[in-house]
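Take a look at this one chain, the form predicted on its own, written out in structure tokens.
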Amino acid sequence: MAGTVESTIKFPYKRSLGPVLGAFMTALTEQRIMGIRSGGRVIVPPLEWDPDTGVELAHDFVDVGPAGTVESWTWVAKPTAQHPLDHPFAFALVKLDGADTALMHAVDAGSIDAMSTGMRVAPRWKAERKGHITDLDAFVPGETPETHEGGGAEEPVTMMDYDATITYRIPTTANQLRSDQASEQGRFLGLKCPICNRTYTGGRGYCPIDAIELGEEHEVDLPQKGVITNYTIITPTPYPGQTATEPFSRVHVWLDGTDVVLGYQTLLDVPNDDVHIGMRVEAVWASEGEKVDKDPRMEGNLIGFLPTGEPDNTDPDLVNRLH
């Protein structure tokens, strides 16, 4: 039975804020909201250039608020992990006192019935602030801000850390599910086209050469042995979740007697300097005990490949076998 697989990609990065946004974020740590003068008006949040003329603005900063008026809003009934609050709230354009433009932020009104255009709101600040727009936890109904003692930045904020994430769902076919089940059993499941006799990994649902659908009746068990056709040595770069600290290899393995090349496989117990094209290898699967403690990122129960000790394959065309 087909279904879906949900995956989340998360990666961090740092942003250089510059003198204008840096000043704005620094003010947030001090529980202040700051704008910038542009002619006869005050723009919030501050910009480096006039939005109408493109002229660079002088750093003529001015505090605004703390209270303001809701100009428009929309209700978020079912927040996700990407939203600033974990319960229903409103996103609103709030025109702070002394400002000529509106700031978009969350309003924690309690219920949709408490929201209205023209209502007065004030900031609720977080106790610990780091120089991020979320230092302002949310706006709340009323005129009085909710503040805390201390918690501001000791130095001007110049950089901002940010974790970008995206979650996506991929449909899984019956072929893919059976292939995954085979991997759990310590087998490589393939599909063999009845016309051209090419073999493919089990998750594929068609032959791209003959454009025919491949299903359960075309399945074959693939060999456990193969030869390295290409490899790369990876030098780890520190990032959240990275556990490797020393350079390691990833190899492409062409399974014997097939058209299948398994890309970027783990090569076990081989020093990086000894990895080479033509090395004969075979699959190593997790034992029952290892299955309990296996890395959740590991696909199926395949741990990696070990050298067989057999003579190398010296075919010069091996390097052309990438997939």
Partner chain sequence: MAHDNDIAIIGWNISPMVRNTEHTEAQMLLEVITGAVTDAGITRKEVDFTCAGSCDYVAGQAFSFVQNIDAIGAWPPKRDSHVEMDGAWALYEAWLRLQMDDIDIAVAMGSGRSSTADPELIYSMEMDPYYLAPLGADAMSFAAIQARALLDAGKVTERQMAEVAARTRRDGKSRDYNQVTGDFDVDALLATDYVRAPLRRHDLPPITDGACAMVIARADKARELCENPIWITGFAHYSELHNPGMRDLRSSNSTTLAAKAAGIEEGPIEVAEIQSAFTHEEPLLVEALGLGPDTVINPSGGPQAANPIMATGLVRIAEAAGQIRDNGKHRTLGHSTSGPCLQQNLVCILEGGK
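All figures in this text were calculated on a predicted structure; none of them were measured in a lab. By rigid core we mean the largest C-alpha set that fits within 1.5 Å across both forms. Numbering follows the first chain given and starts at 1.
Below, we turn to the form predicted in complex with the partner chain, even though it does not appear here.
Contact residue in the model of the complex, from Pro156, Pro223, Gly110, Pro84 (heavy atom within 4.5 Å of the partner chain): Residue within 4.5 Å of the partner: Pro84.
Single option in Thr243, Thr235, Thr232, Thr74 placed near the partner chain in the model of the complex, where near means a heavy atom within 4.5 Å: Contact with the partner chain in the model of the complex is made by Thr74 alone.
Proximity of Pro51 to the partner chain in the model of the complex, heavy atoms at 4.5 Å: So Pro51 counts as contacting the partner chain.
Interface membership of Thr144, the partner chain in the model of the complex, 4.5 Å heavy atom rule: Heavy-atom contact with the partner chain at 4.5 Å: absent for Thr144.
Non-hydrogen atom contact Val62 with the partner chain in the model of the complex at 4.5 angstroms: Outside the cut-off, so no.
Interface membership of Glu213, the partner chain in the model of the complex, 4.5 Å heavy atom rule: Within the cut-off, so yes.
The partner chain in the model of the complex: contacted by all of Leu177, Asn197 and Trp285, heavy atom 4.5 Å: The answer is no; none of Leu177, Asn197 and Trp285 reaches the partner chain.
The partner chain in the model of the complex: contacting segment from 159 to 167, 247 to 255, 223 to 231, 180 to 188, heavy atom within 4.5 Å: Selected range: 159 to 167.
Interface residues of 22 to 51 toward the partner chain, as seen in the model of the complex [heavy atoms, 4.5 Å]: Contacts from 22 to 51: Phe24, Met25, Ile43, Val44, Pro45, Pro46, Leu47, Pro51.
Flag for Thr172, CA shift 2 Å or larger between this form and the one not shown after aligning core: Yes, the C-alpha position differs by at least 2 Å between this form and the one not shown.
C-alpha of Gly215 moved at least 2 Å between this form and the one not shown on rigid core: Yes, shifts by 2 Å or more.
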